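Before any questions on how it binds or moves, here is one chain, the form predicted alone, in structure tokens.
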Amino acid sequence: MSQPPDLSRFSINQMTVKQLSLPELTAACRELGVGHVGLWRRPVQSYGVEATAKLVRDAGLTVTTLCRGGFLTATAPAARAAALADNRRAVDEAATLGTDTLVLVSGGLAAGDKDLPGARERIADALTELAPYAEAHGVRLAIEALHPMYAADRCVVSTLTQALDLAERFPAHQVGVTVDTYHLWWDDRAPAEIARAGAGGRIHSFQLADWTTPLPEGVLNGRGQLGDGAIDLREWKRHVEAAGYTGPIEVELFNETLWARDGREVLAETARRFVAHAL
């Protein structure tokens, strides 16, 4: 008799199967033996934070991360204050959901701004206020570097080096990084920076997605299903494990084709691909 696939470290990020409601997602995870899930704030808020916490708890699921905080690059005082308040709410939500990791997408350039280093300093200024607040609630902040094509409108932190340069201004139990293959696979400095992150205890989240071309118009929803693209996913897993990371591995896919399919089928396929291409 064949052994069931090892899904003990597999976490399904909610965006991969966003067509599933939260009750549908938790039921599908239970049926397939998936024990971890990464959640997103908007659907959680729509369902209710407390209600979501009860739902995942009753399903026996561990929430690996909450996405997303961040967008901390505003220049106007009112916009900055609003961003800080929203991030404090995100920390509160993460704590309620029982996850210790809030993923930060830092934000792009403000309208008319062309100063990337200055925008990164505004992120550091915001973290000075947010990191102690997060610690007080048992939550770590995980800065996610996004591919450089997102630097203008979504994330001025484009490399793991830049993410660590920010994170290392704070204690590791307050601020670390997310390692996401989709965003980092092209960077030949990333393996050394993963080792740097691991040495400092700063790998707070590890996410998988593949890189396929051509990218769709708008590029945001271009993450490929595991095994369909150019990334050696096992090699990246070896890098983070050599750096000491042994936690859950999230699969986070923004993909219109996957969203148009039956969500349970996509979840089952993603679990199979995880075993085939990442273990």
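Being a predicted model, the structure only gives us computed values, none of them experimental. Residue numbers run from 1 along the displayed sequence.
The same protein also has a form predicted in complex with a further copy of the same chain, omitted here; what follows describes it.
(message) Residue-level contact is defined here as any heavy atom of the residue lying within 4.5 Å of a further copy of the same chain in the predicted bound form; does Arg120 satisfy this criterion?
(response) Contact check for Arg120: yes, within 4.5 Å of a further copy of the same chain in the predicted bound form.
(message) Residue-level contact is defined here as any heavy atom of the residue lying within 4.5 Å of a further copy of the same chain in the predicted bound form; does His147 satisfy this criterion?
(response) Looking in the predicted bound form, residue contacts with a further copy of the same chain include His147, since a heavy atom lies within 4.5 Å.
(message) With the partner left out here, check for me: in the predicted bound form, does some heavy atom of Thr213 sit within 4.5 Å of a further copy of the same chain?
(response) Contact with a further copy of the same chain, yes.
(message) I'd like to check something about Tyr133: if you look in the predicted bound form, is any of its heavy atoms closer than or equal to 4.5 Å to a heavy atom of a further copy of the same chain?
(response) The answer is no: Tyr133 has no heavy atom within 4.5 Å of a further copy of the same chain.
(request) Have a look at Ala79, Ala192, Ala124, Leu109 for me and say which one sits with a heavy atom within 4.5 Å of a further copy of the same chain in the predicted bound form. (result) If I apply the 4.5 Å criterion carefully, the residue I get is Leu109.
(request) Consider the chain as shown here, without its partner, and state which of Glu217, Glu50, Asp58, Glu31 has a heavy atom within 4.5 Å of a further copy of the same chain in the predicted bound form. (result) Checked against the cut-off, the match is Glu217.
(request) Report whether all of Trp186, Gly229 and Asp232 sit within 4.5 Å of a further copy of the same chain in the predicted bound form, measuring from non-hydrogen atoms. (result) So, yes: the whole triplet contacts a further copy of the same chain.
(request) Tell me the stretch among 124 to 132, 197 to 205, 178 to 186, 67 to 75 that has any heavy atom within 4.5 angstroms of a further copy of the same chain in the predicted bound form. (result) Result of the contact check: 178 to 186.
(request) At a 4.5 angstroms cut-off on non-hydrogen atoms, which residues of 149 to 163 are near a further copy of the same chain in the predicted bound form? List them in order. (result) Going through 149 to 163 in order - heavy atoms within 4.5 Å of a further copy of the same chain in the predicted bound form - the hits are Met149, Ala151, Ala152, Asp153, Ser158, Thr159, Gln162.
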